[in-house]
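The chain below stands alone and is given in C-alpha cells; this is the form predicted on its own.
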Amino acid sequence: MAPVVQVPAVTTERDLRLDLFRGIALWLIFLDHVPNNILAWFTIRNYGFSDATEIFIFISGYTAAFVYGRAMIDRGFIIAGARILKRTWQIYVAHVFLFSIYIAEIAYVASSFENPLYAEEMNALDFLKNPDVTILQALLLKFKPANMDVLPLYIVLLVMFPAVLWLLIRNASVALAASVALYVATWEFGWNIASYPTGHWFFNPFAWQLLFVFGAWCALGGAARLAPALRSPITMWLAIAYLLFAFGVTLTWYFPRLAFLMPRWLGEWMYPIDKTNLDVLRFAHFLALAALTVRFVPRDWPVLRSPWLRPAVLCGQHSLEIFCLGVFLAFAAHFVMVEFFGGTAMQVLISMVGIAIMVGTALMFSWYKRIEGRRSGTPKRPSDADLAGGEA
C-alpha cells in the first residue's frame, strides 16, 4: 500500500501585507538605483544589513507557492510544472524587452550628449563595442547592465521551482533542509554562475534560493508552524536587539569617528557582509524585520485597506510591470540630474515624480484588468499572483 502524503493547506485568502511590502520594496529599489539620491538615505539599506531585495525575493517565493501550490496538489506535477515554466518564459520575454529598451535608452543618451561615462556606469560599454556577441550573452542571461540583476535571478529560481514545490508539498522539512545544504555548499565551494564579459552573477542563485524557498515554505504551512515562536516576547526582544546591533554597525560606516566602537575581532569576523552570496547576517536581519512585521502588522489590520496605503498596494499587485518601469525611470532620473541640475530639490522632485509615475501606471493596469474582467465575466485572479504567475 502506497504511503499517504500529508499535503499542506494552501490558503486562497488574499493577504494585502504581501502587496503592501512588495510595493514598498519596489519604491525602495527605485530610490536606491538613482545615484547620489538624498532620498536613498531613507531606505532600509542604510540602517541595517539587508535591503529591499530580500523583501522582494522572499515575497516572490511566498507568492509562487501561493499561486502554484494548489495547482500541484489538485492537478499534479506535470500541469503545475508547465504553468510555472510558462510564467518563467513570460518573465524571460519581459526581461529581454526591458533589456532592449534599457540599452537603447543608455546608448541614445550616451551618444546624444557625447558622454561615454553613461555606458560605463551602467555596465553597457561592452554592448556598444561588441553588440553581436553581447546580445547573445544577454539572451543567455550572462550579460546584465546595471540594475538588471533581479529578473535573471528570479527566472533561474522559477526554473528550479517545479521540483522544489513538489518536494515542499511532500516533505517541507526535507525541502528546507536541502535548500540550507545548497546554501552552505555554495559558501564552502564558491559556486556561482559566470557573467559576461567577466566575473559572476551579482545575485548568486545558489545562495539566494534559500530566501526564495524559505518564502515558499512559509506559504505552505511554515508560517503557521512558526506562529508560536513569533508570538513569544523572547523572539520580539531578540529581533529588536539584533536590529539595534545592525543599526549601530551601519553607523560606523557613515561616521568614521564612531569606528572605535567596533571591536577589531568583531569586524574581522563580520566583514565583508556579502550581498552576492546572501550573507547570513543579511538573512538574519531580514528575519528580524519579518518577525516584528508579522507581530505588529496583523493580516486583518484595517489600515491595509486605507487610501493612504493603496498606492503601495497597487504597485505590489503589478510588481513585474512596475519593477521594469522602475529600472527605466532610475536611469532617466540619473540622466536628468547629471545633465541639468542635481541639487537636493531636484533629487527629491525626481524621486517623487518617479514614484508617482509608478503609482499611476499601477492604477492604469488595475483599471484595465477590472474593465477586462467585467467584459469577459471571468473572476479576478488573486493579486498576489502577479509576479509569480498569471494563473492561480
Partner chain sequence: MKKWTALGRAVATCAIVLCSAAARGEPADVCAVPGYLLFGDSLLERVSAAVAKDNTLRIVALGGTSSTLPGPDGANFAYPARLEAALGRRLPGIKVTVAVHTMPRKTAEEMAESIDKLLLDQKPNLVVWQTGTYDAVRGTDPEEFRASVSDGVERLQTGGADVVLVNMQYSPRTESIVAVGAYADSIRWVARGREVPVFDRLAIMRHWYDAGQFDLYKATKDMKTAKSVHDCLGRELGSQIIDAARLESREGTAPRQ
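Numbering follows the first chain given and starts at 1. Here the rigid core means the biggest group of C-alpha atoms that line up within 1.5 Å when the two forms are laid on top of each other. Keep in mind that this is a model prediction, so the values were computed, not measured.
Here the subject shifts to the form predicted together with the partner chain, a form of this protein not shown in this document.
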| message | Residue-level contact is defined here as any heavy atom of the residue lying within 4.5 Å of the partner chain in the model of the complex; does H200 satisfy this criterion? | response | yes
| said: Is P302 near the partner chain? Define near as a heavy atom within 4.5 Å, in the model of the complex. | reply: no
| said: Is it the case that Q90, even though its partner is missing from this view, gets within 4.5 Å of the partner chain in the model of the complex, heavy atoms only? | reply: no
| query | So, in the model of the complex, is E105 in contact with the partner chain at a 4.5 angstroms heavy atom limit? | reply | yes
| message | Just to confirm, with a 4.5 Å cut-off on non-hydrogen atoms, which of F97, W253, W237, W269 contacts the partner chain in the model of the complex? | response | W253
| query | Looking at A284, V159, L320, L125, which is the one with a non-hydrogen atom within 4.5 Å of the partner chain in the model of the complex? | reply | L125
| task | Determine which one of 73-81, 177-185, 257-265, 240-248 lies within 4.5 Å of the partner chain in the model of the complex, judging by heavy atom distances; exactly one does. | result | 257-265
| note | In sequence order, the residues of 110-132 that place a heavy atom within 4.5 Å of the partner chain in the model of the complex are S112, F113, E114, N115, P116, L117, Y118, A119, E120, E121, M122, N123, A124, L125, D126
| said: So that I can tell if W201 moves, could you say whether its C-alpha shifts by at least 2 Å between this form and the one not shown after the core superposition? | reply: no
| said: I want to check Y108: does it shift between this form and the one not shown by 2 Å or more at the Cα, with the core superposed? | reply: yes
| Core-aligned, does F283 move its Cα 2 Å or more between this form and the one not shown? | no
